[in-house]
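Have a look below at one chain only, the form predicted alone, in structure tokens format.
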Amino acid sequence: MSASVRPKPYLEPQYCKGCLRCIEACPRDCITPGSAINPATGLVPVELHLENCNGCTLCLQACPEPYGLRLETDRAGLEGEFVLEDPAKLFGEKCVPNHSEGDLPDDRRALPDCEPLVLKGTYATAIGALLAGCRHVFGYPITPSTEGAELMARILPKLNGHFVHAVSEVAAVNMMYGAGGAGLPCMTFTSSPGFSLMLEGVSYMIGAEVPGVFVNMMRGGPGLGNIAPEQTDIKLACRGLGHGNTHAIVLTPSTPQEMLDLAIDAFALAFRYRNPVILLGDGYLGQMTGKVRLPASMIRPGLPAWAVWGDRAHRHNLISSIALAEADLEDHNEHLNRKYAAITACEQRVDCYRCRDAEVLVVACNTPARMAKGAVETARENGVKAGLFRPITLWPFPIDALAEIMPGVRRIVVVEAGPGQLEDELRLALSHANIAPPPIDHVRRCGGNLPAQDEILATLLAREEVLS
């Protein structure tokens, strides 16, 4: 009695990615690379030559979704025009549609009292991230941020965590996309050229609403520049986070203590708004040491209901930044704009020093704010009513607090290690708030040099002599 004939495969060319896995799997060389582009997909499907095919189906087993190869017996009912489908609608309804009750909350645990530590800024940031519950760090070494990643690489394995030395910054940000999409607190340490490489991935994370923390210790540029401190990534962080409609909270510490505290806050903000957060320091701040006190508690993170986790409760969740229909993409951008508006309304942060009666307002952040504070003190001793307005969030810029101070301000002096990017953020915020500024002067240094206290003081006193 003759054996039954096994069905042979046939090709749905519109589903073939041209990955060639089926060619490697076929023991009888019945499949060859294609020679023509499929106009529906722009890809080149393989070609079948089934004279020697025995129907072993090894090629079908090798074919990845959405299965370009099928059995002849399945042909009925499958033929028809190829239609692209929105990924959000591809897998049907979620198993647990009511996510309002699906979050597993964070667990806050008390820490024992301890004496203050003396830490450099990058170490303080790493410890802050650990206390915030971060156990997944992806990075590529780059001065002057590498020490933070090195500390994480030593500590995380002892805490059942993971540090992955990525092959590049491009790889690191996409690893963050995966970890953040699973609902896990994750971060990277980088510096200016590395942050530039990450921007495409940052845009994807913003579009897909994936949380993550990016610690960028700014250094001199453009190009490779040098490893000394600058503040010339402000424009990048506030206005240039990849293509499309992208914003992220930008935090600017000025001490190692704030590096730790704001690292903890960064993770909370990232998950509150499902959005990346940028911790923007400068090269000196990453390397300088200072007294740091640990908080009274640490966090064991929960699991958000939107996470792609793999169990039934999270099945059919989707992390994606693509919307094929124009109307759907517009709806998504309007949703993002509402989120940005909520961030702007709720998350403006600033430190005001002697601003209540200030007539001369110094605006500075990061390490230059420390020199500016000393200049303000000396200016006060010389009879100049100076104050320091130190934005802790550069985006959103703390315009509400500034608006309250402005009626008494006769002059603004912007101090920065750069060609005017902080001043641009100030002017833009004032313009959007319809506030006409007084005269704006500045003290700027570039190339890795920071403004000195004497330079700032001279600018404060010189104009006052002219005005008097």
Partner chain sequence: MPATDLAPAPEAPRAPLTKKALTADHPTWCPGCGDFAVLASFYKVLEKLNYPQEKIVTFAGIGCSSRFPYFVNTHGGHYIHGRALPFAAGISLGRDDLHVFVFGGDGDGFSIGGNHLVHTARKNPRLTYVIMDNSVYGLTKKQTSPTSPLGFKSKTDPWGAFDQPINPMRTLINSGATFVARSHATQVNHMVEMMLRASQHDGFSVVEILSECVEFYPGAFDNSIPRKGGSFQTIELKKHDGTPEDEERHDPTDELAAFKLALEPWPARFGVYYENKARKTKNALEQDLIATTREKTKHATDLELLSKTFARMR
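Just so we're clear, the structure is a prediction, and the values are computed from it rather than from any experiment. Numbering follows the first chain given and starts at 1.
The discussion below concerns the form predicted in complex with the partner chain, not included here.
Visitor: Since the chain is shown here on its own, which stretch among 380 to 388, 332 to 340, 267 to 275, 139 to 147 would lie within 4.5 Å of the partner chain in the predicted complex, judged by heavy atoms?
Guide: This holds for exactly one stretch, 139 to 147.
Visitor: With the partner chain left out of view, choose which of A153, M298, A228, C352 has a non-hydrogen atom within 4.5 angstroms of it in the predicted complex.
Guide: None of the other options qualify; the answer is A153.
Visitor: Of the residues V167, A110, A325, A345, which one places a heavy atom within 4.5 Å of the partner chain in the predicted complex?
Guide: Answer to the contact question: V167.
Visitor: At 4.5 angstroms, heavy atoms only, are A36, L48 and K89 all close to the partner chain in the predicted complex?
Guide: Judged in the predicted complex, none of A36, L48 and K89 sits within 4.5 Å of the partner chain.
Visitor: Just checking whether L224 would be counted as a contact of the partner chain in the predicted complex - the rule being heavy atoms within 4.5 angstroms.
Guide: L224 belongs to the contact set for the partner chain.
Visitor: Is L197 close enough to the partner chain in the predicted complex to count, meaning some heavy atom within 4.5 Å?
Guide: Close contact exists here: in the predicted complex, L197 approaches the partner chain to within 4.5 Å, heavy atoms only.
Visitor: Taking the shortest heavy atom distance, is K158 within 4.5 Å of the partner chain in the predicted complex?
Guide: Looking in the predicted complex, residue contacts with the partner chain include K158, since a heavy atom lies within 4.5 Å.
Visitor: Considering only heavy atoms, tell me if W306 and the partner chain come within 4.5 Å of each other in the predicted complex.
Guide: So W306 does not count as contacting the partner chain.
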